[in-house]
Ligand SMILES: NC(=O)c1ccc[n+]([C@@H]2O[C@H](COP(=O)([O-])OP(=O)(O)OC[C@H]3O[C@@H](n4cnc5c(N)ncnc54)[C@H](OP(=O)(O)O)[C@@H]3O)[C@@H](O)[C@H]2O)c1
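A lone chain, given as structure tokens: the form predicted on its own.
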């Protein structure tokens, strides 16, 4: 690693509904099928030394213990204090049951070596899960459609984590407008963030605008189109953001890589991207994307035309018996499927 660094104070932030300030770009830690937990942890350590202050984790990624060791090293070395980091994790689908949310959060805190999380998300709105490394045809016989009463039982446990001081903020992930309306109706503590797939070829304007109107901060995963996503999440119809003509034209005008255009677009639009890379030059250019040389309004308008409606992370492995296809997971017709 070289000595390229970014002053953390120069990195902008978004202010959440409760007043907490979340850095406007984070480091994702999903290493997919090709980056080992140790490599991810080394990347986390390098990123923090470079100036990243926002790390997005999840129990299902299978690397929180190693990331926790990286946190301990940077704390012990005095590079950063716990209070200077924003650390997110997520509740996995097989831990939605009564009492399981506390157990899962406690395990994450133990693995990460932390006393609290800045943000804890419900990873998917179903208790459906799949074995690690499964193929796209894998299905659980216990998979169910969204059942709002069950989800709220999980959410009320999330709220108790806030009351216990284990978690500062709670949020949702992979939601839809019909589901989110019900959660907002019934939650005592409203979600402050919703993590969702967002990139120029998949802009989700209706959900994005709804989330923003509710005072919820969108966090965008796969912000450059997830070129390293697992094979099970690839189909022949998928588009590639960094090959999009509008993205490439703007990249040439700014003399930057098309991937950086995707991140600049995300920040200027008002969403928070969480890219991942093990390469130092990418870590640096990703972080600088939100610090300097913003896109113009006319460039943002041009990128509106890049929206192909191409969802890359379709979630087929979460489907239940009797479902019609992955679209059912996303309530494409505005109605919660399977209810």
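Remember, predicted model here, so these are calculated numbers, not experimental data. Residue numbers count along the first chain shown, from 1.
The protein also exists as the form predicted in complex with the ligand; that form is not presented, and the subsequent description refers to it.
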Close approach of residue 90 to the ligand in the predicted bound form, 4.5 Å, heavy atom: yes
Touches the ligand in the predicted bound form: residue 279 (any heavy atom, 4.5 Å): yes
Exercise: residue 200 in contact with the ligand in the predicted bound form, heavy atom 4.5 Å: no
4.5 angstroms heavy atom contact with the ligand in the predicted bound form for residue 260: yes
Contact test, all of 173, 221 and 275, partner the ligand in the predicted bound form, heavy atom 4.5 Å: yes
Which of 65-73, 303-311, 28-36, 290-298 sits within 4.5 Å of the ligand in the predicted bound form, heavy atom basis: 28-36
In the predicted bound form, the one of 128, 169, 217, 226 near the ligand [non-hydrogen atom within 4.5 angstroms]: 226
Interface residue in the predicted bound form among 123, 148, 269, 254, criterion: non-hydrogen atom within 4.5 angstroms of the ligand: 123
